[in-house]
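Take a look at this one chain, the form predicted on its own, written out in structure tokens.
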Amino acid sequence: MDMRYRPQWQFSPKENWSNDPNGLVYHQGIYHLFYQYHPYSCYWGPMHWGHATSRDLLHWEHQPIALYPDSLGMIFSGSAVSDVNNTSGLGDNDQPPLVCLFTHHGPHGLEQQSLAYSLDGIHFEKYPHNPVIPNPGYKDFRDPKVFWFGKEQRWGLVLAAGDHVEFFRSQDLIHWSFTGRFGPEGNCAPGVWECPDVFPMPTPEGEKWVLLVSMGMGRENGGSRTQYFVGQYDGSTFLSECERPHTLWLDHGPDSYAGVTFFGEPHGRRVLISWMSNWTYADKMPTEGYRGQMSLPIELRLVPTVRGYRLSGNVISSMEMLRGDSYDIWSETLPQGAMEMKLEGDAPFSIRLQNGIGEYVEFGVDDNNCIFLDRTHSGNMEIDPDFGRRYAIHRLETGPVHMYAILDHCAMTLFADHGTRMFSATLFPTQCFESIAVEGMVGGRCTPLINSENFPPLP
């Protein structure tokens, strides 16, 4: 099997189709990643929940399928929590349950929220009285994300309902009551809302809340993208503090969608994983034996900028354990496989990663002070008419440019302006990129990312 495109440090299924990450949770010392999965084809089909586990978010072990379709329908997106106090009564104090809330997508498209649980983290039982949140009459009513609201010592839940999100509350994860909605007012982008997440973040002014909403937009608007809002959760609904008509995008590249954060992260971090693809061309990805992959795990922070509070992303600290010996970017050679680049310079400048047949990906800062990533010459352009594009966004900062990039086989992630500008893109060169061309006043280091004695071998 041709493995040249499979990322080394970003999760991908062993075979067949995958999309949205689901149920990201830390439970009894283990990180769990569930995901939308069609186990019988490399194309989207009847959805299951695939399952993988990790101790470090970089080495993943495939687990048996967690949830199969049943008489209520396919298993669409959702979330999972570690019910450490057994509020659900589905376990006990010695064996707290891992509880999953997910969407049943049933006959004629009826979408309802259901529950499943596990006592060992591997085998799951569906609640016998599903659904736990029936559909009140919406065409689109899905993707429940559960969170703990410590101020009131109870559970909260947000889900997508067409052009807005709705909030619910519960004491036991089983019985839910509606509390409020957010949108469509305040939304500045077209499209159906999907895969919401809401969470608190510390700031110099005190706690603020962030609401993520993935947008299933048409190709004329850039395809699949993720929007976010900054504000407060008052126990009933989300109250945005964002000024219209400015849309805040989580990622300015083409391949970051349906991202959600981990529940119960033990280090106090807010870690996000996204699906690294785009519905515009997801079924045409030229990978062999599988389709779909996850992003790097990204630690989010909420930081003040000249334009207000913005999400800032960076790789998790354990990536440091993967670094080999670095060398200056002006050496012109590139390590094969996974690598990182740390750059600092004055705008404008550009970096090209290229191969011997004229294919390259280019990124940097242009004459308009925009961070850009250009994959128009990066290799296979027959995937889709919109695949070969240049992506750019104005900087939030002035002065020297700090940039960090990771290339993990076919997956490139770029961070700039201290992480407030992120770009995620898939690349499919005919041959591996093997050299680097630098233009402008910029310096930096290039480092291979390799497995080390500090980590167990890949599963």
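Since the structure is predicted, the reported quantities are computational estimates derived from the model, not experimental observations. One rule holds for the numbers: they count along the sequence shown, beginning at 1.
Unshown form predicted together with a small molecule; subsequent notes refer to it.
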Quiz prompt | Non-hydrogen atom within 4.5 angstroms of the small molecule in the predicted bound form for each of D251, F372 and T413 | solution = no
Practice problem: Flag M47 as yes or no: does it have a non-hydrogen atom within 4.5 angstroms of any non-hydrogen atom of the small molecule in the predicted bound form? | Solution: yes
Quiz item: Looking in the predicted bound form, any heavy atom of T426 within 4.5 Å of the small molecule?
Solution: no
Quiz item: Is N19 close enough to touch the small molecule in the predicted bound form, meaning at least one heavy atom pair within 4.5 Å?
Solution: yes
Quiz prompt | the small molecule contact at V99 in the predicted bound form, heavy atom, 4.5 Å | solution = no
Self-check item: The unique member of F263, W279, W209, Y127 whose heavy atoms fall within 4.5 Å of the small molecule in the predicted bound form
Solution: W279
Quiz prompt | Stretch in contact in the predicted bound form with the small molecule, which is absent here, among 327 to 335, 179 to 187, 346 to 354, 70 to 78 (heavy atoms within 4.5 Å) | solution = 70 to 78
